[in-house]
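Heads up, what comes next is one protein chain in two forms, each shown on its own as structure tokens, labelled structure 1 and structure 2.
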Structure 1
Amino acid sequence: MKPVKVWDPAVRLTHLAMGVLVLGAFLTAEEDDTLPLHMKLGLGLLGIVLFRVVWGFVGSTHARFSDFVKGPKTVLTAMRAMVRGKPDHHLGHNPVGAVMVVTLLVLLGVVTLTGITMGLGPDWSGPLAMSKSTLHAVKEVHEGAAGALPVLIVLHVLGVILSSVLERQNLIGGMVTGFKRADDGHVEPASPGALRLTAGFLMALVLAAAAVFGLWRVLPVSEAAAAPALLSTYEREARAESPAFTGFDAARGRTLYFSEHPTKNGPTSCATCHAADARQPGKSPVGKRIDPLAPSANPDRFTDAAKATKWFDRNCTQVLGRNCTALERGDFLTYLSSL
């Protein structure tokens, strides 16, 4: 048995990154405040998966799908050999492990793509027009696939441990160091040349980076993108409210912000609580500090569509005695964004 370099650095790093990003995505999945981070992690994960898939065609010998993806017959034969406790020695992934590798990659693709679809959908105020029921279906798939991940990951780890025992070599260590032991008679197939590997690496990198950066700009992950994303939701709603809608107007939003209305607490405007200068902190009637409402002073503002809706409903009802229209919300946000 001699040590042979099997896993190139790209395989090992993407493997590690997938583990870390999946864990991070799970830890940030439930809470509203961690949603932007969850989306960033998911987007990173999509990039890693894309890179790994391309690398599976242009990478080093054992990184390639053609090296380890085998037909059902070979998989069954390898499974029987494992059950007998005498697995054939495969220098790359064994055919059974390969089924898991492909399943995990497909599942990660489904989870990240459905997650991004949700981010682009109306629920999270993105630019993708989708009906509520479609979005709901996408959400179900996202959560179902994400729920299957831990189960498969546990099976994957158990499979690796079992194979390590059967093959009498440390496969987990191999994925860290890149080395595995080969039979003495093993002849390693010629690796693709350095030039082709470099070109393949750059291609995989550029494709994955282009996808991530393109989506980064349209998804409400960055605070700068969030307010305009919410604005496009209001715009759609305003158009539905009135066919005569031609656009939002900061001046009308300003008027709404400052106009006083009689309430049970006396004449009240939005500025009563939110400060005349919306870049400054405001104060509630009981003296509690309210963080600035203008996104330029408080990047967290209007990054969460559900929160914005809740407060528009509450505060408009309190001040105006009725809900604000989509036109008013859009004008209001346009005014605040101009500050």
Structure 2
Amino acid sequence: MKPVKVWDPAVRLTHLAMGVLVLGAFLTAEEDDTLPLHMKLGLGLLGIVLFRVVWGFVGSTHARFSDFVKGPKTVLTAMRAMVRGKPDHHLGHNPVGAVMVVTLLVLLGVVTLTGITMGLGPDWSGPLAMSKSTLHAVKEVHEGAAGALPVLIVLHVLGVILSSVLERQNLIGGMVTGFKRADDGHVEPASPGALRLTAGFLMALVLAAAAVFGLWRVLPVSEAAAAPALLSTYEREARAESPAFTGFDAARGRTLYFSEHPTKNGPTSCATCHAADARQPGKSPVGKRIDPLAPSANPDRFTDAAKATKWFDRNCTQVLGRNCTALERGDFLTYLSSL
């Protein structure tokens, strides 16, 4: 038996990155304050999946789907051989392992894409403008797929261990070093040339990066961009209210934030309770601490459309004595997002 280079660095690094990002996504999935990080990890995971899929068509010999994805008959034959304890030797993924590889990639795609859909339509009013029932179904698919992921990962690891025992070689170590053992007489098929591999790598990298960057621009994944979906909603409403609408203005929003209005408790402005610097905690009239209003200091602010609507309805009535218009809400949110 002789060592043969099987897995290229791109395959090995994407394999490791997927494991790290999946673990990170699970650890940040439950708490509201880790939601922005959870979305960043999900975007990164989507980028890795997209890269690996493209690399599966343009990459090195054993990275290509054509090298290891086989038909049902071949898979069943390989399964029977494993049950007998005498599996055929495959330098790349064996046909049974290939089924798991493809299944995991598909499942990761479902998890990340449904998560992005939820991010683009918080409380059914984001850019996707889905109905409540539709987005609820998307959420169910997301959570179901995420729940199935650790089960498949465990089965994948167990399958690798079983194959290592049956084939009498360290498959886990092979994914780390890139080498597996082959018969002395084994002859490797011709590998794509260096120029072709470089071009394929750059294409996979650019496509994945473009997808991630494009989604990063519209998803509320950063503290300073906590409310773009809500602003899109207010923009549509403002255009409906006035054909002369030309866009929101942070300066008007600042004026609205600091303008005092007569109330039963005396002249009051938004800054009365929320502090002159909206990035700092405020205090209610009875002394209760209020979390910062600016999304840069409090990423949870204005990510929930229903809560945001309730907040505007209550506070506009208390300070202005009436509901705020869509223009005022948009100006106000634009100002807060600029801090």
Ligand code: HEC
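Superpose the two forms; the largest set of C-alphas matching within 1.5 Å is the rigid core. Note that this is a predicted model, so its numbers are computed, not measured. Structure 1 provides the reference sequence; residues are numbered from 1 along it.
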Here are two forms of the same chain; which is the form predicted together with the named molecule?
-> 1
Rigid-core frame, C-alpha of Ala240, shift of 2 angstroms or more between structures 1 and 2 = yes
Does Ser296 show a Cα shift reaching 2 Å between structures 1 and 2 after rigid-core superposition?
-> yes
Exceeds or equals 2 Å, Cα of Thr61 between structures 1 and 2, core fit = no
Core-aligned CA shift between structures 1 and 2 for Arg322 (Å) = 8.6
Once you lay the two forms on top of each other by their rigid core, how far has the C-alpha of Thr309 moved between structures 1 and 2, in Å?
-> 5.7
